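Have a look below at one chain only, the form predicted on its own, in structure tokens format.
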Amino acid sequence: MNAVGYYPGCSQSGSAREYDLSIRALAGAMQIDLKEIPDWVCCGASSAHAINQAAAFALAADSLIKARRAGMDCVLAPCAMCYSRLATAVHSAKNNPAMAQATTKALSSQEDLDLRSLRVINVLTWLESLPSEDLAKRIVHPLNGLKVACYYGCLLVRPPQVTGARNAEAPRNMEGLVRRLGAEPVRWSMATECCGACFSLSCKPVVLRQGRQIFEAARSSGADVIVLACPMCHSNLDMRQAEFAAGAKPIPVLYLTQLIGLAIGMSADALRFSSHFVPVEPVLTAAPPGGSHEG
């Protein structure tokens, strides 16, 4: 996959800018062309789909129509929530053709744009598609001895009828990628549990409770770092860790693309570690950045 459509989404254009930059830098290092969807709009995650199915479909379909108009057959949506909304829209187009046809025609000035053949992938699927030998030859700092808690959250692989995940309740895809970097994925109990992101504004105690449980499970497993692929999950586990884990030794929280970036020699500056709330020095010690790919 040498070229792929790219949907950065709202978080990666703001609060999760480091995720976006690490993806773009990694794609550059792997000689992959990311083509951003022209004039994309918010996917409506965490609000629209809970209120109005047609409106939720329309928000996601607007960006997907623009992707099709730009000649894209595959779109990478790195944010797990954005991925869920866009993939659900494609799924809805296949299963509710009347709504899909009416919406796409209204949004595209009567153009005949079929969303059913468009493929939406998450960052995990994208990374798995990279040839093993291409990644292996770029690893200059193997993460030997680093114990990693792979956190999928609730939307990266679920629901399986939308994501196509073969083992949505006990996935091991991320663990396979982590092993390719030389690190050691741990066995733990909270890999697919929700972090409470949808309650971030309405019920903060729920978020703190979920975060505490995830943190304690990672700590009990002996993990040196938590690795994930969702801006909302990262925000809750990184920014709020001082609240739900007060007094305990902090655990750095990295995006999967940042972890891979370390292994292939990208610098801490290129990976924007300075924007994290929990210091990432323990991970940097395990893999001193060589800075050979600034991105």
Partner chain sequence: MSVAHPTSSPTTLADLVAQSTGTCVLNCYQCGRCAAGCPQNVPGFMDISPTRIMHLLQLEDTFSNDPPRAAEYARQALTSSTCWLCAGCQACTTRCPQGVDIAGVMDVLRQQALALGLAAADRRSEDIQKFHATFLAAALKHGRIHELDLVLRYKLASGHWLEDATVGWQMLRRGKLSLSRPATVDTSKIQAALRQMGAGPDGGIEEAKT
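For clarity, every value in this text was computed on a predicted model and none was experimentally measured. Numbering follows the first chain given and starts at 1.
Another form, the form predicted together with its partner chain, is not on view; read the next lines as being about it.
Shown alone here, D20 lies farther than 4.5 Å from its partner chain in the predicted bound form, counting heavy atoms only. Although the partner is absent here, P282 sits far enough away that none of its heavy atoms falls within 4.5 Å of its partner chain in the predicted bound form. Remark: P205 counts among the residues lining its partner chain in the predicted bound form, judged by a heavy atom distance of 4.5 Å or less. Of the heavy atoms in R240, some are within 4.5 Å of its partner chain in the predicted bound form. Only one segment in the set 244-252, 260-268, 36-44, 222-230 has any non-hydrogen atom within 4.5 angstroms of its partner chain in the predicted bound form, and it is 36-44. Contacts between stretch 48-67 and its partner chain, counted in the predicted bound form as any heavy atom lying within 4.5 Å, involve A48, H49, A50, I51, N52, Q53, A54, A55, A58, L59, D62, K66, listed in sequence order.
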